[in-house]
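One chain comes next, on its own, written as structure tokens: the form predicted on its own.
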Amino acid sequence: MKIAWGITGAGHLLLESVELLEKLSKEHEITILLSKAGEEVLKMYGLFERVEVLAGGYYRELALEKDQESSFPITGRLSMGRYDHLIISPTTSNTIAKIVHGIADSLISNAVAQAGKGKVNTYIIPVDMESGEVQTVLPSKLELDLCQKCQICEAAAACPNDAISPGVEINLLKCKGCAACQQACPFEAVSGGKIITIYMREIDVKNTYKLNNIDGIQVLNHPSEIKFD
């Protein structure tokens, strides 16, 4: 079976998506499509290498949005019906808003549009499903209330990517999620995997609901709900 899998810039359900992607790649040919934000967030959570290693060969490419430029040539396969399924997981509210309004100016929104033209069954797992609270996991975070502002910051010294400004913040665009900083800080001032509560915006929930009115798209709550006939 040939599957195209798109990842957008959401941390929520990201690990679960990568775990299922790893499982399916053992049995199926999977082309992985990463939005610019998706690539950045995978690196922040230390998951990029787990995705990168799955690529290799035709229909098993890792397609980065920054390499596809404005015409997104790889999505042409979807318009020609060359894939059995397209999966977008996790899917940000920004991408969903584009899809429901017919905008196809990014790698992932364009992939969904082309899948519709090629009648490729599409599964979308949004991060904004229902109004109210949802718990999500943060990447590495500098806990300023625990930081002792040491003259020599051991966490910063241990970071291979120079991503830490001691006593200030972690530059998540440089962070690769290796957790070396967490292990190095003697005061446990760098956290990883911290769970926080966020609140869904009504406009995002409404846009997610509108996905149900688009032919060929199935909206699921969790990657584990993906079942192939």
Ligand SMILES: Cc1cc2nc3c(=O)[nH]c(=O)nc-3n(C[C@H](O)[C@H](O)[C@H](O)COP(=O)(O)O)c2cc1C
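Keep in mind it's a predicted model, so treat the numbers as computed, not measured. Note that residue numbering begins at 1 and tracks the sequence as displayed.
This protein has a second form, the form predicted in complex with the ligand, left out of what is shown; the following refers to that one.
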Wondering, does residue 92 line up within 4.5 Å of the ligand in the model of the complex on heavy atoms?
yes
Taking the ligand as it sits in the model of the complex, is residue 10 in contact with it (heavy atom to heavy atom, 4.5 Å or less)?
yes
Consider residue 159 of the chain shown here, and say whether it contacts the ligand in the model of the complex, taking contact as heavy atoms within 4.5 Å.
no
If we define contact as a non-hydrogen atom of the residue within 4.5 angstroms of the partner, is residue 127 a contact of the ligand in the model of the complex?
yes
Picking from 185-193, 55-63, 160-168, 40-48, which part of the chain touches the ligand in the model of the complex when contact means heavy atoms within 4.5 Å?
40-48
Those residues of 135-173 which, in the model of the complex, come within 4.5 Å of the ligand by heavy atom:
139
